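Only one chain comes next, encoded as structure tokens, the form predicted alone.
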Amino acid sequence: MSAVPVTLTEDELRRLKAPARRERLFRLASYFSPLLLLLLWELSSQLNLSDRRFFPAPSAIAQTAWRMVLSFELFDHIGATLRRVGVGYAMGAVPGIVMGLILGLSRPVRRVLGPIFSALYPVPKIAILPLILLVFGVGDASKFVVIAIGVFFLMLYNTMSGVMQTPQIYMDVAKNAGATRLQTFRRIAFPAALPSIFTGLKLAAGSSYIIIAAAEFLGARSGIGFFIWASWQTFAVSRMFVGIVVISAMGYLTILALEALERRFVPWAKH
């Protein structure tokens, strides 16, 4: 018995295609909305609707950025900031992950150390920067330490929550199967915590650039934060906007790289 072909009216076809058409429109809007914002900014500046002293035209900012690229001035500051963020990030992420795994797996350790970390976590990291400068000096060591402190707590709590959210039935099955604590950690706890660990890594990356910008305001002679601060002091607003855009792009690209690593090493997580 052959199937009877179903004929749809034009109105029914239009309704079926509507969701896909809306999705394409939203995708195009997401691509062009930043360009539209820049165009409106440029027009308002050219028509003197905004004060160019505080909001120079995007074309002027682009010209300033191009001159800095040709002179290699910008790359020196980018390299200094990336070095400080990279070292401080590693110094905070590794012990944060290790401590988070320990606290997540051990209730006694969590009861002893948990209140201490809970009391220290809300302290603003920039608020203790003067103390860190006093102890470690105005060199790069103080920048490493203040970034490491901020990253440590984010990694600690994200890793601990990932381990604690592991379904208890998995732990019970491993225990009944005679798995050792090391096997339970390698096969169950750590893989279960990986999505939360990568969430913490991405949050910590954004926080690292926020912290380093503020730290370079005070005690640095290089870096994007120092560049923004020096531009503000000389009222070079176009240069200041270049620094803001550059550090934003650095943070965005870092998070994109972490997301690529997450898709590679945590394929079972929802992306």
Partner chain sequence: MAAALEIVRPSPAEADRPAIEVGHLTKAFYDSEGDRVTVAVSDVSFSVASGEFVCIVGPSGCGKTTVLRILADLEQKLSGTVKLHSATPPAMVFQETSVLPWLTVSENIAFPLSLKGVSGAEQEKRVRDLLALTGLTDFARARPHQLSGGMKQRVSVARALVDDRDILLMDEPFGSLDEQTRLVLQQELLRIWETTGKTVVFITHSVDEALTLADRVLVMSPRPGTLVADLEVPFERPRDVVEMRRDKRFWDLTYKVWRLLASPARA
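Numbering follows the first chain given and starts at 1. What you see is a predicted model; the values in this text were computed from it and never measured.
There is another form of this protein, the form predicted together with its partner chain, and it is not shown here; the text below is about that form.
Contact check for P124, I210 and A230: none of the three has a heavy atom within 4.5 Å of its partner chain in the model of the complex. Here the chain stands alone, but in the model of the complex its contact with its partner chain, taken as any heavy atom within 4.5 Å, falls in 169-177 among 143-151, 169-177, 67-75, 105-113. Taking L101, I197, I188, I132 one by one, only a single residue has any non-hydrogen atom within 4.5 Å of its partner chain in the model of the complex, and it is I188. Although the partner is absent from this view, Q165 stays clear of its partner chain in the model of the complex, with no non-hydrogen atom inside 4.5 angstroms. Using a 4.5 Å cutoff between non-hydrogen atoms, Q183 counts as a contact of its partner chain in the model of the complex. With a 4.5 Å cutoff on heavy atoms, A93 does not count as touching its partner chain in the model of the complex; it lies far away. Using a 4.5 angstroms limit between non-hydrogen atoms, I97 is distant from its partner chain in the model of the complex.
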